[in-house]
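The chain that follows stands alone, in the form predicted on its own, written as structure tokens.
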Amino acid sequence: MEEILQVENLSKSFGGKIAVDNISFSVPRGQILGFLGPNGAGKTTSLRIIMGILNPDKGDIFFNFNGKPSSLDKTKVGYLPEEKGLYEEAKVLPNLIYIGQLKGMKKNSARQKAQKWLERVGLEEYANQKFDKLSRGMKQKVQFIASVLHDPEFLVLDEPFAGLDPVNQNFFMQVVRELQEQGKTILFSAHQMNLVEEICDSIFLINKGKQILSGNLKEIKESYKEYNVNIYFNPENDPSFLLDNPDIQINKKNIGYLNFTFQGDNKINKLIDQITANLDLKEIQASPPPLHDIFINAVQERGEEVDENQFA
């Protein structure tokens, strides 16, 4: 599969402290890659290097917009930075028009597209409001418009859900899906793994500047042989046959209900058949662990620590 971005052996330190430690990854064209990890993991530093804002200590970055490796072409890349990059004292619409012109757009085209996007995100009535008078969530929406206004091939989003309530988070996830359907390639940086794992094709997990886990998201979850299982059954049934199973760890038990973790290496279907044969079931739910848990376990398997408070 053709890659639109390739990062090789990237490293960066500040005052002797390693922020990015020899990471390598690529982003296939047309896919959404989640660049995930806790706050302070090195995500933003990596993206700033990719966008040419910082220079790496070592490593190489290649883009592929025309069928061959090339340097960064900012007219083909949209960037939503973690920090705000618009003029605080300028009004919203002139801000967006100016950014569009910087990316090679004609003024009238930038105006028309900016107005359409403001309508799309519900901010058309704030077009002539000063940027610094907007709420945090509104500012994030305007920043997002600035990143997509010039119709880039490749979109880099650094913490795109910052300042957004759940309704607007879902709205932007829908917008991102639509952009992918239009052929855009998207690199997400975020610490809310539960949000972005819903839309990512592949992931790159980082902790303390180091690569932890990467690859196709579906394949990673399928390879992780652990399931969280909820069963609701007739209270008169006896579930004791499950309590003696060495692959099962009971988490919660009530009359007519069990929640447990199952580690059985491809035996989940056999277990479900056994449960169905022995219990009068009302409902059964079996799901692999969320990406957050996979990340924590992967870090711990390396003998490292992660501060879960940094995911908040």
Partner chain sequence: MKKSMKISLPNAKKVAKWEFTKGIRTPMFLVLTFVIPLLILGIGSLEFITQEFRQAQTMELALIDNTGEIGPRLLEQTENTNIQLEIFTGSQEELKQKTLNGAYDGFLIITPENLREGHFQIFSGDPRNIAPAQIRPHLEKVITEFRLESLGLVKEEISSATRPVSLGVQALEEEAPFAIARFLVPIALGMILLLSVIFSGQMLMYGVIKEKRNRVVEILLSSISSFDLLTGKIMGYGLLSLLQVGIWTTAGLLTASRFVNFQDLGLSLEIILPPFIIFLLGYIMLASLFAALGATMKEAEEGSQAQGLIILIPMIPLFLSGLLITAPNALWVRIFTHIPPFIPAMALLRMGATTLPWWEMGTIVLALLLSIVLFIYIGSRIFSRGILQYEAIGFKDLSKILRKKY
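Note that this is a predicted model, so its numbers are computed, not measured. Numbering follows the first chain given and starts at 1.
Although not depicted, the form predicted in complex with the partner chain is the subject of the following passage.
Taking the partner from elsewhere, Gly15 is found to have a heavy atom lying within 4.5 Å of the partner chain in the model of the complex. Although the partner is absent here, Asn55 lies within 4.5 Å of the partner chain in the model of the complex, judged by heavy atoms. Interface membership of Leu149, defined by any non-hydrogen atom within 4.5 Å of the partner chain in the model of the complex, is ruled out. Contact between Met51 and the partner chain in the model of the complex is found at the 4.5 Å heavy atom cutoff.
Here the chain stands by itself, but in the model of the complex one stretch of 216-224, 169-177, 103-111, 194-202, 103-111, has heavy atoms within 4.5 Å of the partner chain. Of the listed positions (Glu236, Glu119, Glu89, Glu181), a single one reaches within 4.5 angstroms of the partner chain by any non-hydrogen atom in the model of the complex, namely Glu89. Residues Pro81, Glu83, Lys84, Gly85, Leu86, Tyr87, Glu88, Glu89, Ala90, Pro94, Asn95, Tyr98 of 80-98 are found to place at least one heavy atom within 4.5 Å of the partner chain in the model of the complex.
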